[in-house]
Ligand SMILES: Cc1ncc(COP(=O)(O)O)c(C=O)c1O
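The chain below stands alone, shown as structure tokens; this is the form predicted on its own.
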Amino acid sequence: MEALGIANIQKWFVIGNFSNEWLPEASFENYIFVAYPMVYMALHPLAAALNDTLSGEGSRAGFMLSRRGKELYFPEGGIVAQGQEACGSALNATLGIALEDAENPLCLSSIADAVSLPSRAVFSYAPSAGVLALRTAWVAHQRERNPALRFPVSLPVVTSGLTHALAIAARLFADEDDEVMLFEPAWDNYQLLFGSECGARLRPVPLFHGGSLNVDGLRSALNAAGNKCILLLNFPNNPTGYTPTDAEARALAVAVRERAERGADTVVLVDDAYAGLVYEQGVFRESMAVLLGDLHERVLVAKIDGASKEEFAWGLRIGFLTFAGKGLTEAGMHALEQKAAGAVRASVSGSCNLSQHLLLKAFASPEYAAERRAHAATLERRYHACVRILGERRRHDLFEVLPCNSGYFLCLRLTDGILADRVRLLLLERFGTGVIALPGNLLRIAFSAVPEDQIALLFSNIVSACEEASGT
């Protein structure tokens, strides 16, 4: 190895056919087996140190990382870290921005005058992991909104929206040919994130069985999965607007526990994009992370949430990625934070500073809580208007309404012979109405985007288009 010029590297990827006696005494988690014999590639010492921390945990977190997840690290000692060390210096020549004086960025007043925030909160870079005050505030908000979230969780890493958080989670945990279990119908971006980008195999499970959450179907899929799988949960569900009942949520957690007790590892990605928007009694109102985050040492949870829907701030592109797991120590959670921050650094460098400070400003406003409740109440009224109107206009000859109790959407499954995309195009061309056609002959209706007084017209147009498409 000295001939290869890599004698001083302490941790290795081993590529090729090998026996254990080739390996230095170190955690096996610092080695990766690929195809070409007798070739060695270095694993960065910072990545190796994080892997060692996670492999020594009471949880199984280190064993659930993907190959790329094992490679990730945050560059401590690099440009970012050295710049942070220099903060407060009388002369700071580390920053990659232009300053007007010792504190304020050199900025255009034509931009600065449009925002009532200090220029350094608008124009300066945010840390790769996010503004610390916002990360801390988000943990407090999540504990307030999820009273049963009483176990330790990591400090959230700020991402450029929830999709970015999901992409980082995919990078951390999804290897080629890993199985990703998820209920269908599902958001179509999951295929891009986990399938196209990571090469993982999506294993869809029908969301409903007999009008209820298909817990037995999920249990069967988990039983058939290999030693490691990824379970992706999205409630309220996009596109159906369904959240499990209290009993269903607990039954789902039991199915995950049963798998862990058989000695299999599960990474659970909890996509909480529409968290808190629940409109019926008896529905589970907290995040599924509450039931799963302290469930078993073989269950690791990554909670994905953000400002887009929860704070009615879609274009700010602020998401959060938080980790939890039974037996996961503070050091282990910090190691996962460092890996996630490294993924941010390697992609967008850091999330928008302005957006983060706008969200902090909202949290500090005395009107914030009341405004948020008022907007949620608006969506709830629209949901109940949909339920009432669809109940009055039952057209089993045209469509059935899939179970719905929360979120932004509901779905209609059209009768055989009435094609969803044909109805969608008729609605556009003849009724000036837009809906989404989905696989399974579904129409997704975003009642979140329709004023309450126009919902009756919306469904009248849908009925008319379905009748035309069916020839009745």
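All residue numbers refer to positions in the sequence shown, first residue = 1. Since the structure is predicted, the reported quantities are computational estimates derived from the model, not experimental observations.
Another form exists, predicted in complex with the named molecule; not displayed. Remarks below refer to it.
- Interface membership of H357, defined by any non-hydrogen atom within 4.5 Å of the named molecule in the model of the complex, is ruled out.
- In the model of the complex, the named molecule sits beyond 4.5 Å of every heavy atom of P244.
- The named molecule in the model of the complex comes within 4.5 Å of no heavy atom belonging to E310.
- Although the partner is absent here, G161 lies within 4.5 Å of the named molecule in the model of the complex, judged by heavy atoms.
- This chain appears without its partner; in the model of the complex, the one residue of F183, F74, Y190, F123 with a heavy atom within 4.5 Å of the named molecule is Y190.
- Checking S154, N238, Q142, Q338 for any heavy atom within 4.5 Å of the named molecule in the model of the complex turns up a single hit: N238.
- Proximity of L65, C229 and T266 to the named molecule in the model of the complex is absent: no residue of the three has a non-hydrogen atom within 4.5 angstroms.
- Only one listed stretch (347 to 355, 134 to 142, 83 to 91, 271 to 279) carries heavy atoms within 4.5 Å of the named molecule in the model of the complex, and that stretch is 271 to 279.
- Using a 4.5 Å cut-off on any heavy atom, the one residue of 314 to 334 that reaches the named molecule in the model of the complex is R317.
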